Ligand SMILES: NC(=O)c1ccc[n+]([C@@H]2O[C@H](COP(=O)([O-])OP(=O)(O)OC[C@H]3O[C@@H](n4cnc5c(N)ncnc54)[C@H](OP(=O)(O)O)[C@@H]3O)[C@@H](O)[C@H]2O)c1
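Only one chain comes next, encoded as structure tokens, the form predicted on its own.
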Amino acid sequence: MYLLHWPREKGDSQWRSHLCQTWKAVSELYKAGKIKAIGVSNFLPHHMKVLEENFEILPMVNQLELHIGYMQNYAVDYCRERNIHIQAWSPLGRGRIKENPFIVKMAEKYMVTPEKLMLRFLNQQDISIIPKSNNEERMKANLDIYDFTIDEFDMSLLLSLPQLGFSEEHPDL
């Protein structure tokens, strides 16, 4: 899969034109069979609309910062309405939320680690996850999230939390 990582450079007043030039090149590589899947990262609906208005081929994936406390519902809903798969980067909130008392208490209820709870939360919403770790044991633990299910009530609670752990990396700021 080939991803455009960021929709625009900071301060680029011609970003729409630059984005179209880049997406045209990526689309041509995809049409030629040189790339099996194309996607974007950090694209919000107003960035996606530029592609929608100018191209037949839309991204197949949008990789967004998503985790408990930062779900970007507008962007996720926009992509889902267009059959664009959602993939979460920073699904553990860069470690900033694993010690949140509510997350810890919820993890204890399910007898799992906060990390396992956070990954399963996204997985249950059909969001692909890319947890980052250089530690082999943590990598294995990050794959082991299928032995429990968060019930509907608790999913609702987790989806209703106020903003937590945002990286402050925003494509337009």
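All figures in this text were calculated on a predicted structure; none of them were measured in a lab. When you see a residue number, it is the position in the sequence shown, counting from 1.
There is also a form predicted in complex with the named molecule; it is not shown, and the following applies to it.
**Student:** Quick check on P131: any heavy atom within 4.5 Å of the named molecule in the predicted bound form?
**Tutor:** Judged by the heavy-atom cut-off of 4.5 Å, P131 is in contact with the named molecule in the predicted bound form.
**Student:** Taking 4.5 angstroms as the cut-off for heavy atoms, does L92 touch the named molecule in the predicted bound form?
**Tutor:** The answer is yes: L92 has a heavy atom within 4.5 Å of the named molecule.
**Student:** How about K31: is it within 4.5 Å of the named molecule in the predicted bound form, going by heavy atoms?
**Tutor:** No, K31 stays farther than 4.5 Å from the named molecule in the predicted bound form.
**Student:** Is Q125 one of the residues lying within 4.5 Å of the named molecule in the predicted bound form, judged by heavy atom distances?
**Tutor:** The answer is no: Q125 has no heavy atom within 4.5 Å of the named molecule.
**Student:** Tell me which stretch of 22 to 30, 137 to 145, 44 to 52, 104 to 112 has a heavy atom within 4.5 angstroms of the named molecule in the predicted bound form.
**Tutor:** Careful reading of the contacts points to 137 to 145.
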